[in-house]
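Form predicted on its own, single chain, as structure tokens, below.
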């Protein structure tokens, strides 16, 4: 890491990157936001904008169940429960028993209530309240290693499923006629989103993870003329929001996650204006 820090000092000789924790946060933004930007495009296309919100809430339940079961790693508990929760949402959605937004709302409210019930026992929830808002400045070199592994794997899986996911979102019946196993594809996608959300939740926060996943993708959709442009714009907006939000948070001494989301929201508002102007 020392060599990497030295390289950053050479390439980024700015006050904001003097400290190691800011360097770690900057690297986390570079590794995390592109993946969320890519996954957000498909979440928007599949009309699952609040899916990550339900998964974010399930992180609290996952930690609670991990404590009850004696798991030492909070991340492992969140990953296991998040994947299970995502698969359950997907299965019930595919059954057609209720609309997607209703199912997601039910799972979201259930998971946050169950998590609070477990973690609030004995007044101990204060220990986990940081999960609500996250803290990207607390990223460690070990965390960066896990993100460095997750980014290329996530991009490879997203690219491998892209055409099938896109066709499934446009017309599931057409996708099935082409021999695509739509249920399996959707299941693989929600598992991928669940893993990405759980990796990011500690630094972005339960309250903000959905916005960071959806806003860049929604803004990119307003600007794009085709699906390839949608992916490119989404990644660029996510990166821009992450970097500028981190810098603003440093200078204003405020929450980095909130600053990043507000920059993404401003990009979305600007994209609406550009879309109207272009029309």
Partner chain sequence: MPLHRCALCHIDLDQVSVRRGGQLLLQDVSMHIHCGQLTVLIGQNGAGKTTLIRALLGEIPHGGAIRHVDSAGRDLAHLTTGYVPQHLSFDPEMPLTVTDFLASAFSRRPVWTGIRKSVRARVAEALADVNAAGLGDTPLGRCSGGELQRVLLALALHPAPDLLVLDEPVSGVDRNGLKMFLDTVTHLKETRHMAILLVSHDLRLVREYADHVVLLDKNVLAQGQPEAVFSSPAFESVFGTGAEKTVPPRPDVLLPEMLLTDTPPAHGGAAHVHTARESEAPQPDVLLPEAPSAHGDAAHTHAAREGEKSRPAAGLSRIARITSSPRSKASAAPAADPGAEKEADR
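Positions refer to the first chain, counted from 1. Since the model is a prediction, treat every value here as computed from it, not as a measurement.
Omitted here: the form predicted together with the partner chain. The next part is about that form.
In the predicted bound form, the one of 129, 173, 73, 99 near the partner chain [non-hydrogen atom within 4.5 angstroms]: Contact check passes for 173.
Selected contact from 188, 167, 84, 116, since only one has a non-hydrogen atom within 4.5 angstroms of the partner chain in the predicted bound form: By the 4.5 Å heavy-atom cutoff, the listed residue in contact is 167.
Segment assignment from 65-73, 218-226, 22-30, 237-245: heavy atom within 4.5 Å of the partner chain in the predicted bound form: Comparing against the partner chain in the predicted bound form, the contact stretch is 218-226.
Proximity of residue 121 to the partner chain in the predicted bound form, heavy atoms at 4.5 Å: Taking the distances in the predicted bound form, the answer for residue 121 is no, it never comes within 4.5 Å of the partner chain.
Residue 109, heavy atom within 4.5 angstroms of the partner chain in the predicted bound form: Judged by the heavy-atom cut-off of 4.5 Å, residue 109 is well away from the partner chain in the predicted bound form.
Interface membership of residue 254, the partner chain in the predicted bound form, 4.5 Å heavy atom rule: The answer is no: residue 254 has no heavy atom within 4.5 Å of the partner chain.
Exercise: residue 203 in contact with the partner chain in the predicted bound form, heavy atom 4.5 Å: Taking the distances in the predicted bound form, the answer for residue 203 is no, it never comes within 4.5 Å of the partner chain.
Members of 17-38 lying within 4.5 angstroms of the partner chain, judged by heavy atom, in the predicted bound form: Going through 17-38 in order - heavy atoms within 4.5 Å of the partner chain in the predicted bound form - there is one hit, 38.
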